[in-house]
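The chain below stands alone, shown as structure tokens; this is the form predicted on its own.
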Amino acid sequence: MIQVENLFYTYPGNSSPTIKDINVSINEGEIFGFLGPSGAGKSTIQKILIGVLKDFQGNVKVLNQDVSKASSKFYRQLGVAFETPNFYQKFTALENLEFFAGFYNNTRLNLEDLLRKVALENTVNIRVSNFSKGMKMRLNIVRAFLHNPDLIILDEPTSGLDPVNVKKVQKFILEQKARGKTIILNTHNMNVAETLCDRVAFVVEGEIKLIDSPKNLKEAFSRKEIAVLHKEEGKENIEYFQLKLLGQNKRFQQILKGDELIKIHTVERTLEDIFVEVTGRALHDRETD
């Protein structure tokens, strides 16, 4: 679906490239995440993939087309939701979707059904000027899918959403994947990436540091240890033990034989933990309710 080779991009007026030697292949029907903090280069990569930025070095093919020579057919197969939604404020939700659907001759999806899937069914006749940020973000996602594209790129799709609506959007995205859609997420939200993505790329300062599935990453970077919470001299204490030869660990056996054991659990590393270890950079969650 997407093939990027030796991609470099330098913004006009800059002396050094923003994007540096990116190589990535994305399969049809895959949810792929570009993960990184704000300013890492994720949005620049997105703009290159959709043909907005053309003066790049390297080879970029999307939907079997060279993006620097993208045709109208290319854009009929592409859906995009930018991080900052832009709608006609005096139009209702449905009027906005009808207007944007008019740009395509594709067989569009049922607009009211799409609104229902992201919990906007009661906003059909409400002007967008009365929408909250979270409502606009959900409408933005619907707009990206309304013309039934093959490839959809979503920039921070859960920004501004409360936990309930994050789950609804995640469910909607997974339903679209089940229909054969290829979806790219640009996000700094590692929980969303871990839930949705088949593979992720860690992006820092315009470079990809690593590409793999969340499952493989968690296994590869696992510390293979357990945490034991117990009481000692009336106070709660937590101790960590390696799984290897655990049965022979005298201290672990001593705690088990005592009366003060509270809880035992494996120590799981999050995708964000792994990102920090691999890149040396922290992620700052900017999402709000």
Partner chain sequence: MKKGADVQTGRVHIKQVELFLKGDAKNVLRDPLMVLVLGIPIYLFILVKFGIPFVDIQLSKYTYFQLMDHFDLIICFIVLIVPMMIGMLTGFLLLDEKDDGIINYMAITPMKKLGFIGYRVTLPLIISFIISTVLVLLFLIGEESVNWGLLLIVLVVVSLFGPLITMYLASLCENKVEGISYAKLISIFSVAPIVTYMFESWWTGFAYIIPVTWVVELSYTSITGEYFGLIDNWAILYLGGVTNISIFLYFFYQKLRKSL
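In this text the structure is predicted, and so the values were computed from the model without any measurement. Positions refer to the first chain, counted from 1.
Here the subject shifts to the form predicted in complex with its partner chain, a form of this protein not shown in this document.
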**Message:** By the heavy atom within 4.5 Å rule, which residue out of 219, 150, 98, 121 makes contact with its partner chain in the model of the complex?
**Reply:** 98
**Segment assignment from 187-195, 206-214, 82-90, 113-121: heavy atom within 4.5 Å of its partner chain in the model of the complex** = 82-90
**Request:** Using heavy atoms and a 4.5 Å cut-off, decide whether 50, 76 and 127 all contact its partner chain in the model of the complex.
**Result:** yes
**Asked** Does the 4.5 Å heavy atom contact test between residue 163 and its partner chain in the model of the complex come out positive?
**Response** no
**Prompt:** Using 4.5 Å between non-hydrogen atoms, is residue 228 touching its partner chain in the model of the complex?
**Reply:** no
**Prompt:** So in the model of the complex, does any heavy atom of residue 71 sit within 4.5 Å of its partner chain?
**Reply:** yes
**Message:** Quick check on residue 104: any heavy atom within 4.5 Å of its partner chain in the model of the complex?
**Reply:** yes
